[in-house]
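First comes one chain, alone, set out as structure tokens in the form predicted on its own.
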Amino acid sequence: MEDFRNDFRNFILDTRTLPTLPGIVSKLNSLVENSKSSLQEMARLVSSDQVISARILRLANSPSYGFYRVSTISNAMILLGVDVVKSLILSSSIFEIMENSILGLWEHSLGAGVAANIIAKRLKLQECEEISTAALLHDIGKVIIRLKLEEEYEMLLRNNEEKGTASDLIERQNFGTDHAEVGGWLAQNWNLPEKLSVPIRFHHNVDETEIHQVKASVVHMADVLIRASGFSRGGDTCVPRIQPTAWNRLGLNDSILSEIVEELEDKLVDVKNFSMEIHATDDRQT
């Protein structure tokens, strides 16, 4: 099984068939590594690509972050941080695919980003924006698996919907791994920092990581809450159980959870409106 898993990893990460990543990423990396580079230089570089800039600003103004008035790339970099902006650049082509991919996955991802932001702020955690971004990207592995194995994966998802079995279990039975690990592979391949790649990789198995466990716990909770709400489950009808490690690591109790759920229910209206606005804009542009 381990050999099969390794073969599957090589197949997934075959750069010849991965979505083409913007060339601007390598230039941004060079600026980030140069201690003399300024935030303004980085912002000018990103702003030079109008398509990518538009996508970043669209996401920066999404309910996942709650700013709503991010009007420039410089603004986005100050509010979200360079790592988050970089991850959104890397993901821009994937998000475009996601919108027309697995039914409801785009909205589920947006909802998870919002839920993670609410949890992180309610618990007064640091790096709320990074946590929101990890939640926004937590199911990125599903998109990549679908790109590589479209017919087979769609059939698995249909069978999964009928049986009500968790998608990660079905994936492990068929591929020797699951979308969470695939997402982690991809994040590492893109050189995203561990504070993003680890929560993506371990959002279904929080107790398997010793680093960034709080962030992984928030992403896990966000995924569970969005699935439990019935809001765009993204190809997975099963609601996972809250893992005790995540519950205890975050110091949650029923009272705090009730407050989080109440705030989330209000915010999901904004998510739905935001998603509809995006689709309307895309339809006008095509």
Partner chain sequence: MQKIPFSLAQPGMILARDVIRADKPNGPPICGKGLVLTESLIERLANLEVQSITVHGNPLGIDGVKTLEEDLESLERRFRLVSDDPLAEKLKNVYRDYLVRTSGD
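As the structure is a computational prediction, the values presented were derived from the model and not from experiment. Positions refer to the first chain, counted from 1.
We do not show the form predicted in complex with its partner chain, though everything after this point is about it.
- Using a 4.5 angstroms threshold between heavy atoms, residue 17 stays clear of its partner chain in the predicted bound form.
- Though the partner is left out of this view, residue 251 does not reach within 4.5 Å of its partner chain in the predicted bound form, counting heavy atoms only.
- The closest non-hydrogen atom of residue 69 lies beyond 4.5 Å of its partner chain in the predicted bound form.
- Interface residue remark: residue 30 is not counted as part of the site for its partner chain in the predicted bound form, having no heavy atom within 4.5 Å.
- Contact annotation: of the candidates 239, 45, 57, 39, the single residue with a non-hydrogen atom within 4.5 angstroms of its partner chain in the predicted bound form is 239.
- Figure note: of the listed segments 202 to 210, 173 to 181, 81 to 89, 155 to 163, the one touching its partner chain in the predicted bound form, with heavy atoms no more than 4.5 Å away, is 155 to 163.
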